[in-house]
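Quick heads-up: it's one chain on its own, the form predicted on its own, in structure tokens.
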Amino acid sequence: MSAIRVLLADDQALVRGALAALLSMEPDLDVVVEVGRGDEVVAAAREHRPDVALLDVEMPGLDGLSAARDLVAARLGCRILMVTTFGRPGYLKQAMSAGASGFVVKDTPAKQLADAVRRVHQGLRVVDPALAADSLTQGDSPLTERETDVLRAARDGGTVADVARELFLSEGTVRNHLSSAIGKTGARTRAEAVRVAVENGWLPPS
């Protein structure tokens, strides 16, 4: 029986190397390619034809959730396991809607991680149990699509005028959406609203 071919995508070289070393100790797993950016995932998958891709959530170039969507759209038959430091329920929901088959945190013991790769390869779903429980109790994002867009645009600290220009909205409309988002997140400022939304996974990774 041939080994399961694995792609590793993580922007931290030390973490990527450690994961590769741990997985390569398993006789039925073969790490065939490693990348450090989300926008390198699809090209690497096309070239090396992995069976399972382990994707970090936060990466330069393209976040792991977007990379997962692109990988699914490429129809390469590669299953996806998200492996992240950021165990946020909102990210779990986004990952599953993007087409990922699993979501685990990086401090998952090596044997459990290897088993997660095998189960995802078999077509099963693998989700960190604590995250699954949090996801059920948390509910979906309370933000509308436009409020999410405004918060995302405001994340970098731009003025209301900057956000309005970026989204082709009036400044008054931007203020209204920001005010609504601040209220829905229980925040006092827009910076706090951004933080709450990111921590809950209602905003995609920066």
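For clarity, a rigid core is taken as the largest C-alpha set superposing within 1.5 Å between two forms. The structure presented is a predicted model; accordingly, all values stated were derived computationally and were not measured. In case it trips you up, residue 1 is the first one in the sequence shown, and so on.
The form predicted in complex with another copy of the chain is left out here; the points below concern that form.
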| query | finding |
| --- | --- |
| Another copy of the chain in the predicted complex reached by all of A21, M25 and E192, non-hydrogen atom within 4.5 Å | yes |
| Position in contact with another copy of the chain when the complex is considered in the predicted complex, options A95, C78, V83, V120, heavy atoms within 4.5 Å | V83 |
| Heavy atom of P129 within 4.5 Å of another copy of the chain in the predicted complex | no |
| Proximity of G183 to another copy of the chain in the predicted complex, heavy atoms at 4.5 Å | no |
| 4.5 Å heavy atom contact, D39 to another copy of the chain in the predicted complex | no |
| Contact label in the predicted complex: A100 to another copy of the chain, heavy atom within 4.5 Å | no |
| Candidate stretches 153-161, 40-48, 62-70, 174-182 - the one whose heavy atoms come within 4.5 Å of another copy of the chain in the predicted complex | 153-161 |
| Within 96-114, the residues that have a heavy atom no more than 4.5 Å from another copy of the chain in the predicted complex | V105, K106, D107, T108, P109, A110, L113 |
| A13 C-alpha moves between this form and the one not shown by 2 Å or more, core aligned | no |
